[in-house]
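Taking the form predicted alone, here's one chain by itself in structure tokens.
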Amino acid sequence: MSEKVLLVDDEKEFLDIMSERMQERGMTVKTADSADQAMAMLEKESFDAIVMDFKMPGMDGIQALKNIKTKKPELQIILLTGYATVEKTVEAMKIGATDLLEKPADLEKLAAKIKQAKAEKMLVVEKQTEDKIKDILKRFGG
């Protein structure tokens, strides 16, 4: 089963090239040119991983990461940046980023991170389901 990825970046050319290359590797890819558009798409669809630019006009990657993790903590988000610093990396990881990669991202490395993110999301969803079942059993004395 292929990975379903939401690719978010304000550079249309980057979106087109990366989307095409990721699809050639068997991934299902949707794109958004802003964090606001990505947030709207997440209300309607589920993704195995989100690959998002760190620096975008309007809502940047860090703010989008915070908003997404608040609403959907199971989502795995990989941030891409051309301006990585230790401080930014630490901040992103504290908020819950799955990883932070430097642009231009090596596609092999990114594909491996996406597969890993999908596996981690499945574990989180299984744990959430298990917790819900335990709560239901507790309420009914089981």
Partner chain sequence: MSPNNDPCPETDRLADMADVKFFGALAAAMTHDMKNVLAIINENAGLLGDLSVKAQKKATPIDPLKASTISEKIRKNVTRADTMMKRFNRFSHSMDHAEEFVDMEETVMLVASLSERIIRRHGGTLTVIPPPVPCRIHARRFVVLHLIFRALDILCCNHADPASDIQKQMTVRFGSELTRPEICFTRDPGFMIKRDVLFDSPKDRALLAHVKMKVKMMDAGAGFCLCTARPEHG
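Because the structure is a prediction, the values reported are computed rather than measured. Numbering follows the first chain given and starts at 1.
Only in words, not in the display: the form predicted in complex with its partner chain, which the text now covers.
Remark: all three candidate residues (Glu13, Ile17 and Pro104) come within 4.5 Å of its partner chain in the predicted complex, counting heavy atoms only.
Its partner chain is not shown here, and in the predicted complex it never comes within 4.5 Å of any heavy atom of Lys134. Interface membership of Thr89, defined by any non-hydrogen atom within 4.5 Å of its partner chain in the predicted complex, is ruled out. Its partner chain in the predicted complex comes within 4.5 Å of a heavy atom belonging to Asp53. In the predicted complex, its partner chain sits within 4.5 Å of a heavy atom belonging to Arg21. Between the options Thr81, Asn67, Ser34, Thr98, the residue in contact with its partner chain in the predicted complex by a heavy atom within 4.5 angstroms is Thr81.
Here the chain stands alone, but in the predicted complex its contact with its partner chain, taken as any heavy atom within 4.5 Å, falls in 54-62 among 37-45, 54-62, 69-77, 111-119.
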